[in-house]
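Just one chain follows, in the form predicted on its own, and it is written as structure tokens.
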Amino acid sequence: MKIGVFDSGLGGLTVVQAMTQIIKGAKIFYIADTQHAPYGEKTQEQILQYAFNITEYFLNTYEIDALIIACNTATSAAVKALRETYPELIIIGTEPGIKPAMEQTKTGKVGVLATPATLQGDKYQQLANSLAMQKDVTLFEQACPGLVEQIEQGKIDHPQTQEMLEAWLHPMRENDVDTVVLGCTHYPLVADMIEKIMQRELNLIHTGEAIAKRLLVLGEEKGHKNEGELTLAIYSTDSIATHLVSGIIGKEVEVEAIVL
């Protein structure tokens, strides 16, 4: 199975890392579209265009069998159109894990950290509204403009990053939030700092493992045998913090520059 995965930068590698624990006998091609990062502050039309350009590149260059949109913002903007255009392709998007968060919370208070574009998107709004009708849970939604850039620049343990998170998380801490949805694939990279600021035992919900398991099910339905070697190739459309790439994946990996 040939799998194309993309995000605006490093964040989607948290999904790839989860995939490497579950998927075997496959080739993963990852594109960090750093030239256009961050997606969370682009228009829906721009993000849609980036998603189609990358998908066409994957299909023309690698003849992929599956596409993973390892970005909540790009999923919201493009997953519907991509599925309509490429019905033969396995396409899996990334959504904030509000449902598991609602199931796991003990206090009934759930925090959602996401990019401005994700929180404003129809997909998120519909999901949040439908789940809120099913269960009596209070959502504390917080847009995090600038956090993706901090992570992309390697400022994960930086005082400025801590200051930003402290301001966003303060209302959640004061209101007894016990479960936080990491609604962007970059945010697991600052999970330790989030736990430290919240000063309590916390459920942190991110979706990498769920995506990997879903891919395995859909792949096996199409005849994928989950055995043998897994290979990974990583590309970026502009500069990227290569030391962080290796840190996320857990081994030394090369990053090749490409032009789309």
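On a predicted model such as this, the values are computed, not experimentally measured, just so you know. The first residue of the sequence shown is number 1, and the count goes up from there.
Just so it is clear, the following notes concern the form predicted together with D-glutamic acid, a form of the same protein that is not shown.
Proximity of T179 to D-glutamic acid in the model of the complex: non-hydrogen atoms within 4.5 Å are absent; the residue sits far from the partner. Among residues of the shown chain, V148 is one whose heavy atoms approach D-glutamic acid to within 4.5 Å in the model of the complex.
None of 103 to 111, 171 to 179, 67 to 75, 81 to 89 except one has non-hydrogen atoms within 4.5 angstroms of D-glutamic acid in the model of the complex; the exception is 67 to 75. Residues of 109 to 128 that come within 4.5 Å of D-glutamic acid in the model of the complex, judged by any heavy atom, are T115, T118 in sequence order.
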